[in-house]
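Presented below, as C-alpha coordinates, is a lone chain in the form predicted on its own.
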(Lines give C-alpha, C1' and ligand atoms only; values in the text may rest on other atoms or scores of the structure.)
Protein backbone atom coordinates (compact mmCIF):
# COMPACT_ATOMS: atom_id res chain seq x y z
CA UNK A 1 0.00 0.00 0.00
CA UNK A 2 1.19 3.52 -0.75
CA UNK A 3 2.48 5.65 2.12
CA UNK A 4 0.04 8.43 2.97
CA UNK A 5 0.05 11.05 5.72
CA UNK A 6 -3.06 10.42 7.84
CA UNK A 7 -3.25 13.99 9.12
CA UNK A 8 -3.19 15.40 5.58
CA UNK A 9 -6.04 13.02 4.76
CA UNK A 10 -8.00 14.22 7.81
CA UNK A 11 -7.48 17.81 6.69
CA UNK A 12 -8.56 17.01 3.11
CA UNK A 13 -11.75 15.41 4.38
CA UNK A 14 -12.51 18.48 6.50
CA UNK A 15 -11.71 20.80 3.57
CA UNK A 16 -14.12 18.92 1.31
CA UNK A 17 -16.98 19.24 3.80
CA UNK A 18 -16.11 22.89 4.57
CA UNK A 19 -16.37 23.80 0.90
CA UNK A 20 -19.73 22.06 0.48
CA UNK A 21 -21.27 23.59 3.62
CA UNK A 22 -19.62 27.00 3.08
CA UNK A 23 -18.06 26.90 6.53
CA UNK A 24 -16.95 30.23 7.99
CA UNK A 25 -13.26 30.67 7.11
CA UNK A 26 -12.37 31.52 10.70
CA UNK A 27 -13.97 28.33 12.00
CA UNK A 28 -12.33 26.35 9.20
CA UNK A 29 -8.88 27.67 10.13
CA UNK A 30 -9.36 26.70 13.79
CA UNK A 31 -10.62 23.23 12.90
CA UNK A 32 -7.74 22.39 10.57
CA UNK A 33 -5.24 22.22 13.44
CA UNK A 34 -5.19 20.67 16.93
CA UNK A 35 -5.60 22.88 19.96
CA UNK A 36 -2.72 21.29 21.86
CA UNK A 37 0.06 18.82 21.04
CA UNK A 38 2.04 17.48 23.99
CA UNK A 39 5.24 15.56 23.24
CA UNK A 40 6.95 13.83 26.16
CA UNK A 41 10.13 11.82 26.76
CA UNK A 42 10.13 9.69 29.89
CA UNK A 43 12.47 7.04 31.34
CA UNK A 44 11.43 3.47 32.17
CA UNK A 45 13.57 1.01 34.11
CA UNK A 46 13.78 -2.29 32.24
CA UNK A 47 14.02 -5.76 33.76
CA UNK A 48 17.74 -6.03 32.94
CA UNK A 49 18.50 -2.92 34.98
CA UNK A 50 18.90 -0.58 32.01
CA UNK A 51 16.83 2.58 31.61
CA UNK A 52 15.13 3.25 28.27
CA UNK A 53 13.82 6.65 27.20
CA UNK A 54 10.40 6.46 25.53
CA UNK A 55 8.73 9.09 23.35
CA UNK A 56 5.02 9.77 23.72
CA UNK A 57 2.28 12.13 22.61
CA UNK A 58 -1.09 13.46 23.74
CA UNK A 59 -3.07 15.60 21.33
CA UNK A 60 -6.17 17.58 22.30
CA UNK A 61 -7.75 18.51 18.99
CA UNK A 62 -10.81 20.47 20.06
CA UNK A 63 -12.75 20.84 23.31
CA UNK A 64 -15.52 23.25 22.31
CA UNK A 65 -18.18 20.61 23.02
CA UNK A 66 -16.62 19.16 26.17
CA UNK A 67 -13.52 17.43 27.56
CA UNK A 68 -11.20 15.71 25.11
CA UNK A 69 -11.86 12.01 24.49
CA UNK A 70 -9.64 9.47 22.77
CA UNK A 71 -7.55 6.36 23.11
CA UNK A 72 -3.89 5.70 23.85
CA UNK A 73 -1.90 3.64 21.35
CA UNK A 74 1.29 1.70 22.12
CA UNK A 75 2.91 1.04 18.74
CA UNK A 76 6.51 0.88 17.43
CA UNK A 77 5.59 2.97 14.37
CA UNK A 78 3.52 5.61 16.18
CA UNK A 79 3.87 9.14 14.79
CA UNK A 80 2.61 12.53 15.86
CA UNK A 81 0.78 12.92 12.52
CA UNK A 82 -1.13 9.68 13.09
CA UNK A 83 -2.11 10.82 16.58
CA UNK A 84 -3.16 14.25 15.25
CA UNK A 85 -5.31 12.63 12.57
CA UNK A 86 -6.95 10.27 15.04
CA UNK A 87 -7.65 13.15 17.44
CA UNK A 88 -9.34 15.04 14.60
CA UNK A 89 -11.47 12.02 13.72
CA UNK A 90 -12.36 11.65 17.41
CA UNK A 91 -13.61 15.25 17.38
CA UNK A 92 -15.99 14.48 14.52
CA UNK A 93 -16.92 11.09 15.96
CA UNK A 94 -18.01 12.54 19.32
CA UNK A 95 -19.86 15.38 17.60
CA UNK A 96 -21.66 13.08 15.16
CA UNK A 97 -22.72 10.84 18.05
CA UNK A 98 -23.89 14.03 19.80
CA UNK A 99 -22.11 13.24 23.05
CA UNK A 100 -20.54 16.07 25.14
CA UNK A 101 -16.89 15.41 24.32
CA UNK A 102 -14.24 16.92 22.11
CA UNK A 103 -11.53 14.91 20.37
CA UNK A 104 -8.14 13.75 21.62
CA UNK A 105 -5.65 10.91 21.14
CA UNK A 106 -2.41 9.66 22.65
CA UNK A 107 0.42 7.31 21.87
CA UNK A 108 3.79 5.94 22.89
CA UNK A 109 6.44 4.64 20.50
CA UNK A 110 7.13 1.14 21.84
CA UNK A 111 6.87 -2.55 21.01
CA UNK A 112 4.71 -4.20 23.65
CA UNK A 113 5.45 -7.66 22.21
CA UNK A 114 9.03 -7.31 23.41
CA UNK A 115 8.16 -6.09 26.91
CA UNK A 116 7.45 -7.99 30.12
CA UNK A 117 4.35 -7.29 32.17
CA UNK A 118 6.44 -5.38 34.71
CA UNK A 119 8.03 -3.23 32.01
CA UNK A 120 4.61 -2.56 30.50
CA UNK A 121 3.24 -1.45 33.85
CA UNK A 122 6.18 0.90 34.45
CA UNK A 123 5.78 2.27 30.91
CA UNK A 124 2.06 2.89 31.50
CA UNK A 125 2.64 4.64 34.81
CA UNK A 126 5.56 6.65 33.38
CA UNK A 127 3.40 7.91 30.52
CA UNK A 128 0.70 9.10 32.93
CA UNK A 129 3.30 10.81 35.09
CA UNK A 130 4.48 12.64 31.98
CA UNK A 131 1.04 13.75 30.70
CA UNK A 132 -0.91 13.73 33.96
CA UNK A 133 -1.40 17.50 34.21
CA UNK A 134 -2.93 17.56 30.73
CA UNK A 135 -5.68 14.99 31.40
CA UNK A 136 -8.58 14.66 33.84
CA UNK A 137 -12.30 13.77 33.93
CA UNK A 138 -13.20 17.37 33.06
CA UNK A 139 -10.19 18.02 30.80
CA UNK A 140 -9.25 15.04 28.61
CA UNK A 141 -10.36 11.43 29.12
CA UNK A 142 -8.14 8.67 27.63
CA UNK A 143 -9.17 5.10 26.77
CA UNK A 144 -7.63 1.93 25.30
CA UNK A 145 -6.59 1.70 21.65
CA UNK A 146 -4.01 -0.25 19.65
CA UNK A 147 -2.00 -2.58 21.95
CA UNK A 148 -3.47 -1.10 25.12
CA UNK A 149 -5.85 -3.03 27.36
CA UNK A 150 -8.23 -2.69 30.32
CA UNK A 151 -5.32 -3.71 32.58
CA UNK A 152 -3.18 -0.90 31.19
CA UNK A 153 -6.07 1.52 31.78
CA UNK A 154 -6.26 0.27 35.38
CA UNK A 155 -2.57 1.03 35.97
CA UNK A 156 -2.95 4.44 34.38
CA UNK A 157 -6.01 5.32 36.45
CA UNK A 158 -4.25 4.18 39.62
CA UNK A 159 -1.20 6.32 38.81
CA UNK A 160 -3.38 9.37 38.10
CA UNK A 161 -5.25 8.82 41.38
CA UNK A 162 -1.92 8.79 43.26
CA UNK A 163 -0.99 12.08 41.61
CA UNK A 164 -4.41 13.62 42.33
CA UNK A 165 -4.52 12.35 45.91
CA UNK A 166 -8.09 11.06 45.57
CA UNK A 167 -10.22 8.64 43.55
CA UNK A 168 -11.02 9.75 39.98
CA UNK A 169 -12.41 6.70 38.14
CA UNK A 170 -13.75 8.94 35.38
CA UNK A 171 -10.25 10.02 34.29
CA UNK A 172 -9.96 6.97 32.01
CA UNK A 173 -12.50 4.68 30.37
CA UNK A 174 -12.23 1.10 29.13
CA UNK A 175 -11.32 -0.05 32.65
CA UNK A 176 -12.00 -3.50 34.15
CA UNK A 177 -15.49 -3.85 35.62
CA UNK A 178 -14.05 -4.20 39.13
CA UNK A 179 -12.82 -0.61 39.16
CA UNK A 180 -15.56 1.28 37.35
CA UNK A 181 -15.70 -0.18 33.86
CA UNK A 182 -19.00 -0.40 32.02
CA UNK A 183 -20.95 -3.48 31.03
CA UNK A 184 -20.90 -3.89 27.26
CA UNK A 185 -17.74 -1.81 26.74
CA UNK A 186 -15.43 -4.42 25.28
CA UNK A 187 -17.46 -5.32 22.19
CA UNK A 188 -19.18 -1.93 21.93
CA UNK A 189 -17.31 -0.80 18.81
CA UNK A 190 -18.40 -3.87 16.86
CA UNK A 191 -21.91 -3.79 18.38
CA UNK A 192 -22.41 -0.20 17.27
CA UNK A 193 -21.26 -1.21 13.77
CA UNK A 194 -23.88 -3.96 13.71
CA UNK A 195 -26.65 -1.43 14.40
CA UNK A 196 -25.31 0.70 11.54
CA UNK A 197 -25.16 -2.34 9.23
CA UNK A 198 -28.75 -3.23 10.15
CA UNK A 199 -29.86 0.21 8.95
CA UNK A 200 -27.57 0.26 5.90
CA UNK A 201 -28.81 -2.97 4.30
CA UNK A 202 -32.30 -1.45 4.14
CA UNK A 203 -30.92 1.09 1.66
CA UNK A 204 -29.49 -1.62 -0.60
CA UNK A 205 -32.19 -4.26 -0.26
CA UNK A 206 -29.79 -6.83 1.18
CA UNK A 207 -31.05 -9.66 3.38
CA UNK A 208 -28.47 -10.11 6.12
CA UNK A 209 -29.48 -13.75 6.61
CA UNK A 210 -28.11 -14.58 3.18
CA UNK A 211 -25.39 -11.92 3.02
CA UNK A 212 -21.78 -12.84 2.25
CA UNK A 213 -19.26 -10.85 4.29
CA UNK A 214 -15.49 -10.30 4.25
CA UNK A 215 -13.63 -8.93 7.28
CA UNK A 216 -10.14 -7.49 6.98
CA UNK A 217 -8.48 -7.64 10.39
CA UNK A 218 -8.79 -10.13 13.23
CA UNK A 219 -8.05 -7.85 16.16
CA UNK A 220 -10.69 -7.10 18.78
CA UNK A 221 -12.98 -5.15 16.46
CA UNK A 222 -12.74 -7.65 13.61
CA UNK A 223 -13.18 -10.66 15.88
CA UNK A 224 -16.23 -9.21 17.59
CA UNK A 225 -17.67 -8.12 14.23
CA UNK A 226 -17.40 -11.62 12.81
CA UNK A 227 -18.93 -13.16 15.92
CA UNK A 228 -21.80 -10.67 16.09
CA UNK A 229 -22.71 -10.59 12.40
CA UNK A 230 -23.10 -14.37 12.38
CA UNK A 231 -24.91 -14.65 15.73
CA UNK A 232 -27.20 -11.63 15.41
CA UNK A 233 -28.07 -11.81 11.72
CA UNK A 234 -27.11 -15.28 10.54
CA UNK A 235 -24.79 -13.82 7.90
CA UNK A 236 -21.97 -15.88 6.38
CA UNK A 237 -18.40 -14.61 6.76
CA UNK A 238 -16.60 -16.10 3.75
CA UNK A 239 -13.25 -14.33 4.07
CA UNK A 240 -11.15 -12.96 6.92
CA UNK A 241 -7.55 -11.89 7.34
CA UNK A 242 -4.92 -10.68 9.77
CA UNK A 243 -1.55 -8.99 9.26
CA UNK A 244 0.06 -12.15 7.86
CA UNK A 245 -2.63 -13.33 5.45
CA UNK A 246 -6.19 -14.52 5.10
CA UNK A 247 -8.52 -17.42 4.45
CA UNK A 248 -11.55 -17.88 2.19
CA UNK A 249 -14.35 -20.43 2.21
CA UNK A 250 -17.50 -20.15 0.14
CA UNK A 251 -19.29 -22.27 2.76
CA UNK A 252 -18.52 -19.74 5.46
CA UNK A 253 -15.88 -19.68 8.20
CA UNK A 254 -16.38 -20.96 11.73
CA UNK A 255 -15.55 -18.43 14.43
CA UNK A 256 -14.32 -20.86 17.08
CA UNK A 257 -12.14 -22.76 14.59
CA UNK A 258 -10.62 -19.44 13.49
CA UNK A 259 -9.77 -18.60 17.10
CA UNK A 260 -8.17 -22.04 17.50
CA UNK A 261 -6.19 -21.65 14.25
CA UNK A 262 -4.94 -18.22 15.31
CA UNK A 263 -3.81 -19.55 18.69
CA UNK A 264 -2.14 -22.61 17.17
CA UNK A 265 -0.45 -21.13 14.10
CA UNK A 266 -0.34 -17.40 14.86
CA UNK A 267 -2.51 -16.56 11.86
CA UNK A 268 -6.06 -17.09 10.63
CA UNK A 269 -4.49 -18.42 7.42
CA UNK A 270 -3.77 -21.58 9.42
CA UNK A 271 -7.49 -22.36 9.32
CA UNK A 272 -8.18 -25.79 7.80
CA UNK A 273 -10.91 -26.12 5.20
CA UNK A 274 -10.45 -22.97 3.15
CA UNK A 275 -8.16 -21.42 0.57
CA UNK A 276 -5.50 -18.86 1.45
CA UNK A 277 -5.69 -15.30 0.15
CA UNK A 278 -3.86 -12.03 0.67
CA UNK A 279 -5.26 -8.91 2.30
CA UNK A 280 -5.41 -7.32 -1.17
CA UNK A 281 -7.44 -10.23 -2.53
CA UNK A 282 -9.79 -10.07 0.43
CA UNK A 283 -10.53 -6.39 -0.19
CA UNK A 284 -11.40 -7.16 -3.82
CA UNK A 285 -13.48 -10.28 -3.12
CA UNK A 286 -17.03 -10.63 -4.44
CA UNK A 287 -19.12 -10.11 -1.30
CA UNK A 288 -22.17 -8.15 -0.19
CA UNK A 289 -20.44 -6.42 2.71
CA UNK A 290 -16.76 -5.61 3.17
CA UNK A 291 -15.62 -4.70 6.68
CA UNK A 292 -12.14 -3.11 6.82
CA UNK A 293 -11.22 -3.59 10.49
CA UNK A 294 -7.42 -3.34 10.34
CA UNK A 295 -5.37 -0.15 9.85
CA UNK A 296 -5.34 3.10 7.87
CA UNK A 297 -5.13 3.54 4.07
CA UNK A 298 -6.16 0.07 2.92
CA UNK A 299 -8.41 1.18 0.06
CA UNK A 300 -6.71 3.82 -2.07
CA UNK A 301 -6.92 5.27 -5.55
CA UNK A 302 -4.96 2.28 -6.85
CA UNK A 303 -7.39 -0.44 -5.75
CA UNK A 304 -10.74 1.29 -5.15
CA UNK A 305 -11.87 0.52 -8.70
CA UNK A 306 -11.51 -3.20 -7.97
CA UNK A 307 -13.79 -3.22 -4.91
CA UNK A 308 -16.88 -5.34 -5.60
CA UNK A 309 -18.77 -5.19 -2.30
CA UNK A 310 -22.16 -3.46 -2.26
CA UNK A 311 -21.54 -1.99 1.21
CA UNK A 312 -18.24 -1.02 2.84
CA UNK A 313 -18.49 -0.81 6.63
CA UNK A 314 -15.42 1.09 7.87
CA UNK A 315 -14.74 -0.43 11.27
CA UNK A 316 -11.07 0.65 11.30
CA UNK A 317 -9.96 4.27 11.57
CA UNK A 318 -9.14 5.86 8.22
CA UNK A 319 -9.11 2.72 6.04
CA UNK A 320 -10.12 4.64 2.91
CA UNK A 321 -8.36 7.61 1.29
CA UNK A 322 -10.20 10.65 -0.14
CA UNK A 323 -9.43 9.56 -3.72
CA UNK A 324 -10.82 6.09 -3.03
CA UNK A 325 -13.88 7.60 -1.38
CA UNK A 326 -14.82 9.37 -4.62
CA UNK A 327 -14.24 6.23 -6.70
CA UNK A 328 -16.46 4.08 -4.48
CA UNK A 329 -19.19 6.73 -4.58
CA UNK A 330 -19.10 6.87 -8.38
CA UNK A 331 -19.32 3.07 -8.50
CA UNK A 332 -22.50 3.19 -6.44
CA UNK A 333 -20.96 1.41 -3.45
CA UNK A 334 -22.42 2.47 -0.11
CA UNK A 335 -19.30 3.38 1.88
CA UNK A 336 -20.15 4.07 5.52
CA UNK A 337 -17.52 6.34 7.14
CA UNK A 338 -15.39 5.21 10.04
CA UNK A 339 -16.44 7.87 12.53
CA UNK A 340 -20.06 6.79 12.08
CA UNK A 341 -19.46 3.03 12.01
CA UNK A 342 -16.99 2.67 14.86
CA UNK A 343 -18.51 5.25 17.21
CA UNK A 344 -19.88 2.54 19.52
CA UNK A 345 -16.64 2.43 21.49
CA UNK A 346 -16.59 6.10 22.36
CA UNK A 347 -20.34 6.15 23.01
CA UNK A 348 -20.05 3.39 25.63
CA UNK A 349 -16.91 5.11 26.96
CA UNK A 350 -19.15 8.13 27.46
CA UNK A 351 -21.63 5.90 29.29
CA UNK A 352 -18.77 4.64 31.50
CA UNK A 353 -17.73 8.23 32.26
CA UNK A 354 -21.34 9.12 33.18
CA UNK A 355 -21.63 6.06 35.41
CA UNK A 356 -18.32 6.91 37.11
CA UNK A 357 -19.49 10.46 37.77
CA UNK A 358 -22.80 9.27 39.22
CA UNK A 359 -21.47 6.19 41.01
CA UNK A 360 -24.42 4.26 39.58
CA UNK A 361 -23.99 1.47 37.02
CA UNK A 362 -26.27 0.04 34.31
CA UNK A 363 -26.83 -3.57 33.22
CA UNK A 364 -25.57 -4.66 29.79
CA UNK A 365 -28.99 -4.60 28.12
CA UNK A 366 -29.54 -0.98 29.14
CA UNK A 367 -26.11 -0.06 27.77
CA UNK A 368 -26.87 -1.73 24.42
CA UNK A 369 -30.33 -0.13 24.21
CA UNK A 370 -28.85 3.33 24.79
CA UNK A 371 -26.08 2.60 22.26
CA UNK A 372 -28.59 1.46 19.64
CA UNK A 373 -30.61 4.66 20.07
CA UNK A 374 -27.62 6.97 19.63
CA UNK A 375 -25.96 5.26 16.65
CA UNK A 376 -29.28 4.83 14.85
CA UNK A 377 -29.95 8.55 15.29
CA UNK A 378 -26.47 9.32 13.93
CA UNK A 379 -27.15 7.17 10.87
CA UNK A 380 -30.43 9.00 10.32
CA UNK A 381 -28.74 12.42 10.70
CA UNK A 382 -26.15 11.52 8.05
CA UNK A 383 -28.58 10.34 5.41
CA UNK A 384 -31.07 13.13 6.05
CA UNK A 385 -28.22 15.57 5.39
CA UNK A 386 -27.22 13.70 2.22
CA UNK A 387 -30.85 13.80 1.02
CA UNK A 388 -31.13 17.52 1.81
CA UNK A 389 -28.12 18.33 -0.38
CA UNK A 390 -29.33 15.98 -3.10
CA UNK A 391 -32.65 17.85 -3.19
CA UNK A 392 -30.65 21.05 -3.76
CA UNK A 393 -28.87 19.42 -6.71
CA UNK A 394 -25.61 18.56 -4.91
CA UNK A 395 -24.55 14.93 -4.65
CA UNK A 396 -22.37 14.30 -1.62
CA UNK A 397 -20.86 11.15 -0.14
CA UNK A 398 -22.02 9.73 3.19
CA UNK A 399 -18.63 10.83 4.57
CA UNK A 400 -19.20 14.41 3.45
CA UNK A 401 -22.67 14.30 5.01
CA UNK A 402 -21.27 12.94 8.29
CA UNK A 403 -18.60 15.65 8.31
CA UNK A 404 -21.18 18.35 7.65
CA UNK A 405 -23.29 17.21 10.62
CA UNK A 406 -20.27 16.91 12.94
CA UNK A 407 -18.39 20.04 11.84
CA UNK A 408 -21.52 22.17 12.03
CA UNK A 409 -22.06 21.17 15.66
CA UNK A 410 -18.46 21.92 16.64
CA UNK A 411 -18.43 25.22 14.74
CA UNK A 412 -21.64 26.31 16.46
CA UNK A 413 -20.14 25.41 19.86
CA UNK A 414 -17.03 27.47 19.07
CA UNK A 415 -19.20 30.36 17.90
CA UNK A 416 -21.26 30.25 21.10
CA UNK A 417 -18.06 30.36 23.15
CA UNK A 418 -16.82 33.37 21.21
CA UNK A 419 -13.82 31.63 19.64
CA UNK A 420 -14.47 33.40 16.34
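Between two forms, the rigid core is defined as the largest C-alpha subset superposing within 1.5 Å. This structure is a prediction, so every number in the text was calculated from the model and none was measured. Residue numbers count along the first chain shown, from 1.
Separately, the form predicted together with a small molecule exists; it is not shown, and the next lines address it.
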Can you tell me which of 162 to 170, 197 to 205, 315 to 323, 249 to 257 lies within 4.5 Å of the small molecule in the predicted complex, counting heavy atoms only? 315 to 323
Quick one: of 270, 150, 219, 136, which gets a non-hydrogen atom within 4.5 angstroms of the small molecule in the predicted complex? 219
If the cut-off is 4.5 angstroms on heavy atoms, which of these, 226, 110, 294, 123, is the one near the small molecule in the predicted complex? 294
Candidate site 5, 62 and 91: all three near the small molecule in the predicted complex by heavy atom within 4.5 Å: no
Indicate whether the small molecule has at least one heavy atom within 4.5 Å of a heavy atom of residue 182 in the predicted complex. no
Given that the small molecule is not shown alongside this chain, does residue 349 nevertheless sit within 4.5 Å of it in the predicted complex, heavy atom to heavy atom? no
Against the small molecule in the predicted complex, would residue 242 count as a contact residue? Criterion: heavy atoms within 4.5 Å. yes
At 4.5 Å between heavy atoms, is residue 189 in contact with the small molecule in the predicted complex? yes
Could you tell me whether the Cα atom of residue 317 shifts by at least 2 Å between this form and the one not shown after core superposition? yes
Residue 182 C-alpha relocation of at least 2 Å between this form and the one not shown, rigid core basis: no
Post core alignment: residue 346 C-alpha displaced by 2 Å or more between this form and the one not shown: no
